[in-house]
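One chain follows as structure tokens, the form predicted on its own.
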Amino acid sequence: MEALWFALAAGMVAIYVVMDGFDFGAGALHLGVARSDGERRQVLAAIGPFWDGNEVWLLAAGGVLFLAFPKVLASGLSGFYLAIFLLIWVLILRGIAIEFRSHVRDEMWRTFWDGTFALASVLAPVLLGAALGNVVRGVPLGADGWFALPLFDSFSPSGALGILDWYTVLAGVTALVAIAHHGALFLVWKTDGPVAARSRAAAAWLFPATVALWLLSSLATLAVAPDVLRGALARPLALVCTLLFLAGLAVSFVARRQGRDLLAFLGSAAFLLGLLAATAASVFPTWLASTIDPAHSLTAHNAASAPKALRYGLFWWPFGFVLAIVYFTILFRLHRGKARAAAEGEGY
């Protein structure tokens, strides 16, 4: 039962990254791929129907952790306190920027909110990637199940750990570039004209950057957390997920060059989903590894809720998951086709 809930929680996180990732990527790129007010409104029209709904998956992941692994959620919220508040502020500012930028027909007003939207869209993947880096590397978890980390201390490989250090910043930058590539492919699929052309050019140079940073991050992970590689080689599910993200990476490249825009975007989604699933399978059953003593680590076994709670939760979870899937299926169907910038005064 604990293994199933571990998979469900990891799956919610992976779905969130794939879904909210495309609008993060679009936001991070929009100052470059959209040059005029009309073009920027077209980018907002492309992500407008989806961005707020995509964040439901983050709430779903938090809800699953609250139900199944409350000790992990409590320890993580306490240890990453400052970083979590930064992420919350980034998400708030991003939503405000999307909603406010077209309320006033003033160039300075719109430029300010466009810059805020871009900055928040860049910082969010970096913070989320750094969080994943901390989970993979481990944290100074004590016997009491708590830890504390400064936002940053030393960026030297031999220096003190921080929420942001050389390894976690590398993970954050890798996440940013991969998410930007994902967002570029989404814009290629959902827009036309100059925005689509510039997005296609951005995806072309972001692809090799994504591959290079993924390889570099993999080598760094081998140095700081060799157990992850051993877990990946020992677990068939991790190998299957590895094949999934490698196939997704190849599909995104080939389909983009062939002009099959939707398939290229789906390939990028498979890459992100498979990469996160392979990581989760490799570290299982560990949620938070202790760099002080492995015996202090929080795992799916020692941090799980009571078996009765897990059974009751498993009864209700499918209803919420199916409802979410149906909602997004209808949403994408209603907004199929290329996005058009709304007329002045009509929302985005």
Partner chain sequence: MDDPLFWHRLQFGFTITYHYLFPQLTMGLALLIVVLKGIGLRTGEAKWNDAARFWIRIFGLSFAMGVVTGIPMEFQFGTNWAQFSARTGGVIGQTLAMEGIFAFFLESSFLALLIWGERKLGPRKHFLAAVALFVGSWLSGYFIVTTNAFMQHPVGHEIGPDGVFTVVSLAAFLFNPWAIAQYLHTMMGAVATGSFAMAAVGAYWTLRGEHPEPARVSLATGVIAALAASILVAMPTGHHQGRMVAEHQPVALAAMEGRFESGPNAPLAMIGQPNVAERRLDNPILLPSILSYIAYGDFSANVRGLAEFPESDWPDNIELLYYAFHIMVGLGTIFIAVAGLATLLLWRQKLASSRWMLWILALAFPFPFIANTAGWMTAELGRQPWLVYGLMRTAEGGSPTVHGGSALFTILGFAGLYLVLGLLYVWLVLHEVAHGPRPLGAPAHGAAGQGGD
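Here the structure is a predicted model, which is why all the values come from computation and not from measurement. Residue numbers count along the first chain shown, from 1.
What follows is about the form predicted together with its partner chain, which we do not show.
Scan A300, V64, L31, A281 and let me know which has any heavy atom within 4.5 Å of its partner chain in the predicted complex.
Of the listed residues, the single hit is V64.
Though its partner chain is not shown, can you say which of G320, G38, P285, P294 has a heavy atom within 4.5 Å of it in the predicted complex?
Exactly one listed residue reaches within 4.5 Å, namely G320.
Does S290 reach its partner chain in the predicted complex if we count a contact as any heavy atom within 4.5 Å?
Result no; S290 lies far from its partner chain in the predicted complex.
Give a yes/no on whether L73 approaches its partner chain to within 4.5 Å in the predicted complex, heavy atoms considered.
The answer is yes: L73 has a heavy atom within 4.5 Å of its partner chain.
So in the predicted complex, does any heavy atom of A220 sit within 4.5 Å of its partner chain?
Because no heavy atom of A220 falls inside 4.5 Å of its partner chain in the predicted complex, the answer is no.
Would V17 sit within 4.5 Å of its partner chain in the predicted complex, counting heavy atoms only?
No - in the predicted complex, heavy atoms of V17 and its partner chain never come within 4.5 Å of each other.
Sort through 231-239, 87-95, 197-205, 173-181 and report the only stretch with a non-hydrogen atom within 4.5 Å of its partner chain in the predicted complex.
Heavy-atom contact with the partner occurs in 87-95.
Quick one: which residues from 93-129 get a non-hydrogen atom within 4.5 Å of its partner chain in the predicted complex?
The stretch touches the partner through L93, G95, I96, E99, F100, H103, V104, R105, D106, W109, W113.
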